[in-house]
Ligand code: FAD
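Form predicted on its own, single chain, as structure tokens, below.
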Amino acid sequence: MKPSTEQTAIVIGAGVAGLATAIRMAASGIGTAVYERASGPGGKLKEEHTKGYRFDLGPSLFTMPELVMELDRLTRSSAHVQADKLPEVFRYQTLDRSTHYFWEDATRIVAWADRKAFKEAVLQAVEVEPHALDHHLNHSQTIYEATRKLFLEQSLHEWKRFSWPAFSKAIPHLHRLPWFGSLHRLNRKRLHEPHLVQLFDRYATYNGSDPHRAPAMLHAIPHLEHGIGTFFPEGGMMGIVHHLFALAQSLGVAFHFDQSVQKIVHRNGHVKGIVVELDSRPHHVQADIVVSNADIHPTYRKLLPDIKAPEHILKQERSSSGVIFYWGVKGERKELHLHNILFSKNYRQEFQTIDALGHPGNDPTVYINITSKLQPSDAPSGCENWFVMVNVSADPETIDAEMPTIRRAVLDKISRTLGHSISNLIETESILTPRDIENRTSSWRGALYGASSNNALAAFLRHRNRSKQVKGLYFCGGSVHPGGGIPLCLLSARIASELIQTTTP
């Protein structure tokens, strides 16, 4: 991006995508300020300390660390960086496994990072054709490598800037891509074995979707774990936020916390800045560029009320939400690791129940994240910090009323699957619900990933990264292209920044 000391930019929201966008703009010489209604950075990525326990409150899986390292290198090479304020280079560890999987019939599989070890673990646990797993993982890699530059690393809405070389490289693989059918259908056809099908079905939940309706193209996702790998950042997931925040500060980005943006100002088709509330009065802040990292729904409904909203996008089905229990638990469970999945007995029925009731009923799939397995300081000696999540619908009213039922179902599921109860071992508890998610992050209805991907055209229905109606207005974050989750949010920041470079005078 060309340096421009004359341009000024405002980023609305200090989530991961907002921080990354601010870094990219400031590194190019654009005077950048971030306005955030919360008291600190991170968006959905927050942490909590309670009685010796530390919990990451938001996303818990870390993949594609090279996207953070890219921002680190960009900052250090910028002519605008203040070297004395630079943090140390971002640190993380590569994990030897991604997830421990559990079923109530006593089937257990460890997804080792080493392909041979993972394959042996699967063959010892279930009956499957010896080469089926290899073929399935290779197919995931093919899909990922053929589509990432087309669908993830560039705008799908800027055809004049579309990378045709990337398309030409994908042509030889087009006949191998699963253009039709659901993810579940693909997994069942290729794997057959029910436990393994369920294991690979669960990747639809990475963007809050139902594997029985989500497109088979989502089979690219397993390659992130089984091909590229899973990682753990120093300091936990909040370590990502601390590092990006420090990079932005070293570039001179101005942060304004506890300041709620009331409106995006524009005149004659050009953005002019924002209105924030200061001392209970509206205050206009001028800028040549505005980037909204806020959820696209409140961006239009609240910040751009005088712009015709893209109703076909705003009315899309929401992704799933979640109920998360943060439990300080006495004792240590050696069978558990950082990431653990306790599967329901009937995955299809679970998703049908979520559609019908808003919650998964009496047999939920339970995800347990325990960072003290890798970072012992996150829990007192002899104890563990359990982040326990189940999928629910983005329906705050319904979920509020069902919380006692959901909590009981989660505890019963853990007891049935692991063979022991933890009810009397819980020392501390806090809970995050869809309503909390909506109130804290402005994610409409508490949806974790904006719109769902339960549609073959979902990738093309994500909101664009540049406004067609207001010049100088851009969008990043999980509710716009390319989607939710830390890697895609970081890619949205890269796409928005590249568009700023090529479309801003």
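Numbering starts at 1 and follows the sequence shown. Source: prediction; values computed, not measured.
The protein also exists as the form predicted in complex with flavin-adenine dinucleotide; that form is not presented, and the subsequent description refers to it.
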- Within 4.5 Å of flavin-adenine dinucleotide in the predicted bound form, heavy atom basis, the matching stretch of 30 to 38, 47 to 55, 460 to 468, 64 to 72 is 30 to 38
- Query: Among the candidate residues 10, 495, 486, 23, which is the single one with a non-hydrogen atom no more than 4.5 Å from flavin-adenine dinucleotide in the predicted bound form?
  - Reply: 486
- Message: Between 261, 247, 290, 394, only one gets a heavy atom within 4.5 angstroms of flavin-adenine dinucleotide in the predicted bound form; which residue is that?
- Response: 261
- Message: Is residue 472 part of the interface with flavin-adenine dinucleotide in the predicted bound form - any heavy atom within 4.5 Å?
- Response: no
- Message: in the predicted bound form, is there a heavy atom of flavin-adenine dinucleotide that lies within 4.5 Å of any heavy atom of residue 14, even though the partner is absent here?
- Response: yes
- Hey, in the predicted bound form, does residue 482 get a heavy atom within 4.5 angstroms of flavin-adenine dinucleotide? no
- Using 4.5 Å between non-hydrogen atoms, is residue 454 touching flavin-adenine dinucleotide in the predicted bound form? no
- Task: Note that flavin-adenine dinucleotide is not shown here; using its position in the predicted bound form, name the residues of 321 to 360 with a heavy atom within 4.5 Å of it, in sequence order.
- Result: 324
